[in-house]
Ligand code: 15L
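Consider the single chain below, provided in structure tokens and representing the form predicted on its own.
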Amino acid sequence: MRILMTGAAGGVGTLLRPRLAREGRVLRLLDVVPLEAGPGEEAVTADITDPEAMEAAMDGVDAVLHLGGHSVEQPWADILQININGTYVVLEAARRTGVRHVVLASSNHAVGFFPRGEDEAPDYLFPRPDTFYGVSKVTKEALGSLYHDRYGMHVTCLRIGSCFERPRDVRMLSTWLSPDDCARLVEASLAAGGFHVVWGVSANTRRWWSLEEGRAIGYEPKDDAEMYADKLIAEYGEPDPRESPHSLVGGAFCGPRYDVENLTTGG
């Protein structure tokens, strides 16, 4: 089996490379940054917005894990070209070459302005993006839905929370997706038929996002951010779920720092 991973030089891609390695599997790593391939890997330097390069990168591929694109807020023109058009180019290249399974890295920022309540934030939550970046994730999910319904592609969209080796602040006690659980989620998604939107979160004690759809496709998280709680609370204090950045799904992305007037004009 050969899996094309776009954005392989990024944070999540770097964490996943060793965790997705399997006997009989080849990871084809693609990024605009040159990468050195290790055992069981192939490296491709290409831009996800280049149709010819992406179609060539799909040769012999069985599934795509699309992580490529800006991972934080950027000016609209950059988001439009890289995140939105780039996703279209990836999906169209997959369609044209007959690739049937695609996993799309969406984000909690697709629904960032959804408020915290007493119940878990449900699966398939209606879009409420908090930034242009969040809009690009909504569009990514919409494109995935289109390519499933129109072309029969199997697509799973992962609304990823905070994927790091360990939670970095008290908010992440709720939103953390451990690297090992991220790999478990990707494995389940690569095998899932149909179209799915799944929360990318670990089995955190303080989690307030649903795991129902993830478990429906075979994802069973094993990690809990609570093991880091004592140290983080000693440093930052106990979080108040009624106050920012804990009161909205998107956290600080919902604040004025990300107003369009405050964005830089560069790439």
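Each form is matched to the other, and the largest set of C-alpha atoms that superpose within 1.5 Å is called the rigid core. Note that the coordinates shown come from a computational prediction; the quantities given were computed from them, not determined experimentally. One-based numbering along the sequence shown.
This protein has a second form, the form predicted in complex with this ligand, left out of what is shown; the following refers to that one.
- In summary, the binding site of this form is open: after superposition of the surrounding C-alphas, this ligand from its pose in the predicted bound form has no atom within 2.4 Å of backbone or C-beta atoms.
- Heavy atoms within 4.5 Å of this ligand in the predicted bound form are found in one stretch of 70-78, 92-100, 192-200, 121-129, which is 70-78.
- Interface residue remark: Met153 is not counted as part of the site for this ligand in the predicted bound form, having no heavy atom within 4.5 Å.
- Proximity of Gly161 to this ligand in the predicted bound form: non-hydrogen atoms within 4.5 Å are present.
- In the predicted bound form, none of the heavy atoms of His148 sits within 4.5 Å of a heavy atom of this ligand.
- Taking the partner from elsewhere, Val138 is found to have every heavy atom lying beyond 4.5 Å of this ligand in the predicted bound form.
- Interface residue among Met172, Ile82, Leu143, Ala188 relative to this ligand in the predicted bound form, by the heavy atom within 4.5 Å criterion: Met172.
- Scanning 83-119 for heavy atoms within 4.5 Å of this ligand in the predicted bound form gives Ser107, Asn108, His109 in sequence order.
- Relative to the superposed core, Tyr258 undergoes a C-alpha shift of no less than 2 Å between this form and the one not shown.
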